[in-house]
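Shown here is one chain on its own, the form predicted alone, set out as structure tokens.
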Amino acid sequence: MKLILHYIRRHLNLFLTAITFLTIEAIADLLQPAIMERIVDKGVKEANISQILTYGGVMICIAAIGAFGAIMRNIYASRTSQTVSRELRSDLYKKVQTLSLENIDHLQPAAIITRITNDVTQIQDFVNGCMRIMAKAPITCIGAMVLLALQTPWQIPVMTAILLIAAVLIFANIRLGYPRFGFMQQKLDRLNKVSREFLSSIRVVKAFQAEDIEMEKFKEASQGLATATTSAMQIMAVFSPLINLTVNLGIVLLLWLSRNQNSQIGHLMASVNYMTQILFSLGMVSNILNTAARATASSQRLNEILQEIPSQIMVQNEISTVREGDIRFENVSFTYSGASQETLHHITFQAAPGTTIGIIGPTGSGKSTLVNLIPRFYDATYGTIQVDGIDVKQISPKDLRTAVAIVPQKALLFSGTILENLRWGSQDASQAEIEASARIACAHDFILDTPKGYHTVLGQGGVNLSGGQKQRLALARALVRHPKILILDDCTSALDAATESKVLSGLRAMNGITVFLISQRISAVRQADKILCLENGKIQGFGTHAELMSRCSTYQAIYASQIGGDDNG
């Protein structure tokens, strides 16, 4: 709840303005039964038309003031709640951007999406409800009780008993409902995770005709959410009617006791109206407290993100520039959070500026993990990684990542034009620079063949391009950046041999870039200046193609499986 109050305090003026108009609305509602009493007892009963018209006019004026208060209250309540939710989402988004991949793995992407969307919505509804309902309920309830007690003091014991019973029911409602709402949000996380996995791998699902398997997973997650939601809603379904029943029984008891009080009809009508207002107020309190229980559970989940301690510590005396691209790994080991064994074991090697380092090895040997340590997506568990002789932990992350360009195996493109995607590499790049990079990546010709050339609009993820075309665009985007360090994570896997050879030749012709080329194919890495052969997270060999062929059994086995026979250079 502290989180919610923190954001409300940011916009206290708006919040208090909404409360002011709500108070006007509540006072207008409280005055209506008293005026109705006068109309009935002074006007209708005594057939006094003047009294009826006078008090009727007063009632209309008060109703108009109440309506104005309600309209303004709705406007300010909506504005405040929307502003709070917008700022909360923005702060969450900014916080996520500061976290390392290790933090993201811990929080889980699907759960983060649920929290930024659904959990923030719960808080938005609660803030809106506070200004529309929760603040009005106590004003109306207390005001109605005071007026009722002033009119008929003998009804105080009845009101006290009703309020005590209602308070017990409301407390039990919150105590039982709170953990259930938290569990419901967890089940929603699970449903989002299953849906996200299915949509991101839908082609594989269809290719293997695994729709039934995915449907069962979705049904299981959906049933889990339905069960958790039903459990939470059952609490509301039980206690809300009980609260209504308590107050209605109080109204019946009031009418029964009034039979011997010689009360006037208008007076009795006012008393019943005030009891009804108390009923509605208690019902509103019950409903908003249910919303508060959900909002509290959601705020705790949001606090987990906002209070997440980044796993990477950024020093104050940050070095500002990467100049050469000299990379040195010194006894580096790495273990993923929660993993039982190391992914990389005591890695030591150097990549001189402007050289190309081929990285090869069986699946799961740690190739991608190794290069992810260079831009500090993760930090080494042990050992140091130096760029230009400086520990990467001492370099500004912004400057480090500005000097590094990455081309992943699965090319990630965004909705927009080809030109907009390429300018992700550098927003200030000229058309000539972009076209030069596209030519090196063998992308320029097929771009010109698209309907609008560089201004052709791509679908989400580049669905209107082939796998090879997407990889070439991703490579061109990286080259537009003019990086000092270029990481190619098996990014030519979708290219034919001729295109791959042309692309790699173009990269070798570029000067001043330290290239890390991950590949499963000997043909891609054999021309590299040095080749790093990994297996089970350990270096099996580091040298030229000829050197590894003479002394690295793992490299020899890969060569034999792909090419076969003896290599003559």
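We number the residues from 1 along the sequence you see. In this text, all values refer to a predicted model and were calculated from it rather than measured experimentally.
Just so you know, the form predicted in complex with a small molecule exists too; it's not on screen, but the next bit is about it.
> With the partner absent here, would Lys538, Gly541 and Tyr559 each sit within 4.5 Å of the small molecule in the model of the complex, counting heavy atoms only?
Result no, not one residue of the spot touches the small molecule.
> Going by a heavy atom distance of 4.5 Å, is Phe171 a contact of the small molecule in the model of the complex?
Residue-level check for Phe171: no, no contact with the small molecule.
> Residue-level question: is Asp105 within 4.5 Å of the small molecule in the model of the complex, judged on heavy atoms?
Yes, Asp105 is a contact residue.
> Whether Gln209 contacts the small molecule in the model of the complex should be assessed with a 4.5 Å heavy atom distance threshold; does it?
Because no heavy atom of Gln209 falls inside 4.5 Å of the small molecule in the model of the complex, the answer is no.
> Should Tyr336 be classed as touching the small molecule in the model of the complex when contacts are defined as heavy atoms within 4.5 Å?
Although the small molecule is absent here, Tyr336 would touch it in the model of the complex, with heavy atoms inside 4.5 Å.
> Please identify, from 435-443, 136-144, 357-365, 114-122, the stretch that has a heavy atom within 4.5 Å of the small molecule in the model of the complex.
Flagged stretch: 357-365.
> Identify, from the list Phe183, Tyr378, Phe280, Tyr454, the residue with a heavy atom within 4.5 Å of the small molecule in the model of the complex.
Result of the distance check: Tyr378.
> Could you check which residue among Thr369, Asn244, Asn74, Ser100 gets a heavy atom within 4.5 Å of the small molecule in the model of the complex?
Selected residue: Thr369.
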